[in-house]
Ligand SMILES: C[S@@+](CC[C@H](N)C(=O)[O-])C[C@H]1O[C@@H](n2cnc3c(N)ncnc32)[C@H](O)[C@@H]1O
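Shown next as structure tokens: one chain only, the form predicted on its own.
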């Protein structure tokens, strides 16, 4: 059975959902405002004869009509970065500010990390972590191409992330800190929502994998809350539809850490659905409805899940 069929009870139009999952994804780029402006990037594409359409919910997200992201000079110069449209949501929910201390727990290959850096105006401290040493080379490459300078790269298991390298503040270490202002947990997952660009994920799907990765997700999200200052924000996101990896993870952490789910400003022109409070034999905290689900047929994107938590103490 197609694993996507298990989510029929969650969608408003099963046929449209399944049909959308079979279509290839549009080619999309994000304008890198560290190096240029949206206007200059659009002029460069016009001069190159590259056809594109500006999305109606984000001026810096452009859909290329007849070409792929890496085949034009604005891309090579770091003005553009190939990024799936829906994956821009977590950074928008996080809303990082210039000068803050931000941790991206699972950063490689760096699309969301570099988006966060741009939103910070490349100011402050951005820690990009990944437990896969091989993937960190892609993170470094993308950061360098896009002109990011406020990035610190670490190679740790996010579930046991140590703040010791950042140390206590002393005259010799005036920039040291012990907690983050904001944290993004774009967690490893079963990746069902990427089936439009990688259909193999459906052939390789197993319930055992969903259950095993959910344990990892819970550990990373708990640690993210623990290292975030009171009043700080943690955004949790996945590219899967499975409630076991989404609402169930939130429910688990809400019971064990001092945090609460909060609303976040979803762009008006971008259609989403609320998190679900029941799935099969399980019930979740009512506040999980503040999370946002994105199904491929709603905006012609991949599938996604994004939630925002506020740390209490």
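None of the values given here were measured: they were computed from a predicted structure. Positions refer to the first chain, counted from 1.
This protein has a second form, the form predicted in complex with the named molecule, left out of what is shown; the following refers to that one.
The named molecule in the model of the complex is not approached by residue 150, whose heavy atoms all lie more than 4.5 angstroms from it. In the model of the complex, the named molecule stays beyond 4.5 Å of every heavy atom belonging to residue 193. The closest heavy atom approach of residue 131 to the named molecule in the model of the complex falls within 4.5 Å. Residue contact check for residue 216: one or more of its heavy atoms lie within 4.5 Å of the named molecule in the model of the complex. Checking 143, 118, 94, 108 against the named molecule in the model of the complex, a heavy atom within 4.5 Å turns up for just one residue: 108.
Contact with the named molecule in the model of the complex, judged by any heavy atom within 4.5 Å, is made by just one of 206, 71, 198, 156: 156. The candidate site formed by 222, 259 and 291 is entirely out of contact with the named molecule in the model of the complex, as no residue has a non-hydrogen atom within 4.5 angstroms of it. None of 225-233, 109-117, 71-79, 94-102 except one has non-hydrogen atoms within 4.5 angstroms of the named molecule in the model of the complex; the exception is 109-117. Residues from 1-36 do not approach the named molecule in the model of the complex: none has a non-hydrogen atom within 4.5 Å of it.
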